[in-house]
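A lone chain, given as structure tokens: the form predicted on its own.
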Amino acid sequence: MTIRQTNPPFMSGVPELLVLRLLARQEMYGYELVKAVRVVTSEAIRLGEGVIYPVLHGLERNGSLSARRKAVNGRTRVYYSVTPTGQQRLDRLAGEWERIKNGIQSVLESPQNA
């Protein structure tokens, strides 16, 4: 039986990267982001509301996201979108993850006696 860890240590920084990337594509509210992460990662990454909302609030506090309230079906939802500061942060994070991914990929693909 394989036990999957829901938030392994190497995931540090991943929620922020995913949130910024998804919001750079389109404005969304919190629970919509929870579902979107599952869909775009084919369920490989499952971030609950307890992860997503603190990330959203932190990114809003540091100026990476803007938020606006919108009434939908009698409820008020907070929709988030990426600011220019957030786009710069996304670019930096994406570059770092690309570098890390390439490094790991080179190890996985290298001959065993390297």
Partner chain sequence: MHEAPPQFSQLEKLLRTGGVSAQCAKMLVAELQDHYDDLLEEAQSNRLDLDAAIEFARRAIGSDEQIARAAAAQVELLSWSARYPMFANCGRSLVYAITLPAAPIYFCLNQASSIARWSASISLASLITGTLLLALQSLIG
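Positions refer to the first chain, counted from 1. Everything numeric here is computed off the predicted structure, so don't read it as measured data.
A second form of this protein, the form predicted in complex with the partner chain, is not displayed here; the remarks below concern that form.
A.B. asks: In the model of the complex, does every one of V37, R92 and R99 come within 4.5 Å of the partner chain, counting any heavy atom?
C.D. replies: Per the other structure, none of V37, R92 and R99 touch the partner chain.
A.B. asks: May I ask you to state whether P84 is within 4.5 Å of the partner chain in the model of the complex, using heavy atom distances?
C.D. replies: Looking in the model of the complex, residue contacts with the partner chain do not include P84, since no heavy atom lies within 4.5 Å.
A.B. asks: With a cut-off of 4.5 Å between heavy atoms, is I45 one of the residues that contacts the partner chain in the model of the complex?
C.D. replies: I45: no, not in contact with the partner chain in the model of the complex.
A.B. asks: K70 versus the partner chain, in the model of the complex: is there a non-hydrogen atom within 4.5 Å?
C.D. replies: Although the partner chain is absent here, K70 would stay clear of it in the model of the complex, with no heavy atoms inside 4.5 Å.
A.B. asks: For E49, is any heavy atom within 4.5 Å of the partner chain in the model of the complex, or not?
C.D. replies: Yes, E49 sits close enough to the partner chain in the model of the complex that at least one of its heavy atoms falls within 4.5 Å.
A.B. asks: Under a 4.5 angstroms heavy atom criterion, identify the one residue in T41, Q88, N62, Q26 near the partner chain in the model of the complex.
C.D. replies: Contact check passes for N62.
A.B. asks: For 62-91: residues with a non-hydrogen atom within 4.5 angstroms of the partner chain in the model of the complex?
C.D. replies: Counting only heavy atoms within 4.5 Å of the partner chain in the model of the complex, the contacting residues of 62-91 are N62, R75, T76, R77, V78, Y80.
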